[in-house]
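Only one chain comes next, encoded as C-alpha cells, the form predicted alone.
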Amino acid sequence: MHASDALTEADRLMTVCNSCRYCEGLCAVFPAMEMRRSFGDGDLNYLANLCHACGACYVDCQFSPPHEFNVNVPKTLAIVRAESWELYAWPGFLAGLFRRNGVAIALITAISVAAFLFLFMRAGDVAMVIPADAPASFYRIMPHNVMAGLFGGAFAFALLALVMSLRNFWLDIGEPVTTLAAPKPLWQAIRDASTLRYLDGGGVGCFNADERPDDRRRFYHHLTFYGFLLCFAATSVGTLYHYLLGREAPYPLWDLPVVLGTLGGVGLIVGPIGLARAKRQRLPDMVDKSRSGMDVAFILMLVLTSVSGLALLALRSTPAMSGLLALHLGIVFALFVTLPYSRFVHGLYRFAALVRYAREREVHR
C-alpha cells in the first residue's frame, strides 16, 4: 500500500516501464528505475524528483494515452513530486502552504509590502524625502542594523527550513548522510545540475504540444538559475563592502555589487518569463494543471523582485526612491520567507536526487 493515489499510479507505471525499458537512454529516471524490482514510497519520491519533465518518454512511449495502459510518466511524476515537497516540508504545520500556493504567496507578499510601506511612513516625512544621493540614504530610511537583522532572520529561517526538509527527503529515500560528502557523486551531480544535463530529452530537447523538441527550456532555466546566483553574489559582495571596507550602499553604477545585481536582475526577468511561455506551449496531457498556481506564483515573485530592484536602481535619485525601496524590500522579504514552500525547492530536491543517482551508478558499474 502506498500513501497516496499518485504514488500507487507511479508504482504501476514504473512496473510497466521496467518491463519495457525502451526509454532507458532518455534520462536518469529509467536507469535508476532499472536498479529496482519493487518501489517503496521513498523510491518513487526519489524518481519523481530525479525527473526533469522533458516529455521525451511520453512522446516515445507506445503505451502513452490513448493506449489502454495509459502510461503518462511526466504528469504522474509531477504530481508525486509536488506531493513530496509537502510531505517533507519543515516545520510540518506549514506544509499546507504548498496547497493553494499561489493564493498563499500573493497574500504573504501583499502583507509584507504593506508592512514595509507602513513602517516607512511611520519613520516620518523627513526620512521619506531624503535625497537618494545623500550618503547611505537607504539606511536613513531604515537603519542598516534593522535591515540586516530583519532580512538575516528571514534568510536564516528559510535556510533552516530548506535544510530540514532536504534532510527529511534524504532519510526517506534511504540514503546515508556520508554520500553527501563523497567527492565523486557530489562533483558529478554539480556537473549534471549546472548544465541541466537531463533536460535534453535524450539529446533533442524538451517536447511541446507540436511534438517538435527544442532546448529553450534549458536556456531559460540557465538564465533563471544563474541570474539568481548573480543576485546572491551581489548581496554577498555588498555585505563584504559594508563590514570589511566600511562602504555603505548605494554604490555607483559601475561598482561590482551593482553590476552583478543588474545582470542577475535581467536574467531573473527574461528567464522566468521564458519559462512561463514555454510552460504554455507544453502538451497539456503531460502537465499537472492542479499545481499551475505554484508555478505562476514563483515566476511572478522572481520577476517582481527583479523589476522592483532595477526600478529602485534607476530611480534612486528621485523622490520615488523611498516608495520603491519599501516595495522592493517587501517583495524580497516575502520571497525569503516563502522559499521553503514554493517551487524553489524543486532545484534542491533534484540536486539531492542527482547525488544519489551518481552514487548508484558508481556502485552498479
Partner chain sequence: MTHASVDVLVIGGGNAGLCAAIAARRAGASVHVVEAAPKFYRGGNTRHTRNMRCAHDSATEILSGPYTEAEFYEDLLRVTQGNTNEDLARLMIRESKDILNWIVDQGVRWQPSLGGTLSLGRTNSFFLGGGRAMLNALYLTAEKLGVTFAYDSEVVDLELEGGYCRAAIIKQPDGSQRIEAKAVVAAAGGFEANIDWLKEAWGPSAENFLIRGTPYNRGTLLKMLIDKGVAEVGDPTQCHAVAIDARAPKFDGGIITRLDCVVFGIVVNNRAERFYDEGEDIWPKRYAIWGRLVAQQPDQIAYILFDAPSLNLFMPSLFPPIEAPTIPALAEKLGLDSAGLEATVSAFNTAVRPGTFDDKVLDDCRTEGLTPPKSHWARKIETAPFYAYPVRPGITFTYLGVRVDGDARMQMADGKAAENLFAAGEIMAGNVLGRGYAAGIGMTIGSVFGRIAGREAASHARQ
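Residue numbers count along the first chain shown, from 1. Note that this is a predicted model, so its numbers are computed, not measured.
We do not show the form predicted in complex with the partner chain, though everything after this point is about it.
**Q** Please state whether all three residues 137, 232 and 238 have a non-hydrogen atom within 4.5 angstroms of the partner chain in the predicted bound form.
**A** No, the whole trio is out of contact, none within 4.5 Å by any heavy atom.
**Q** Does residue 65 reach the partner chain in the predicted bound form if we count a contact as any heavy atom within 4.5 Å?
**A** Yes.
**Q** Tell me, yes or no, whether residue 58 is in contact with the partner chain in the predicted bound form, where a contact means a heavy atom of each within 4.5 Å.
**A** Residue 58: contacts the partner chain in the predicted bound form.
**Q** So, in the predicted bound form, is residue 204 in contact with the partner chain at a 4.5 angstroms heavy atom limit?
**A** Taking the distances in the predicted bound form, the answer for residue 204 is yes, it comes within 4.5 Å of the partner chain.
**Q** Even though the partner isn't displayed, in the predicted bound form is residue 25 close enough to the partner chain, meaning a heavy atom within 4.5 Å?
**A** Although the partner chain is absent here, residue 25 would touch it in the predicted bound form, with heavy atoms inside 4.5 Å.
**Q** Hey, of 268-276, 221-229, 179-187, 68-76, which bit sits against the partner chain in the predicted bound form at 4.5 Å between non-hydrogen atoms?
**A** Only one stretch qualifies here: 68-76.
**Q** Any residue of 5-19 with a heavy atom within 4.5 Å of the partner chain in the predicted bound form counts; write them all down in order.
**A** Sequence-ordered list: 15, 16, 18, 19.
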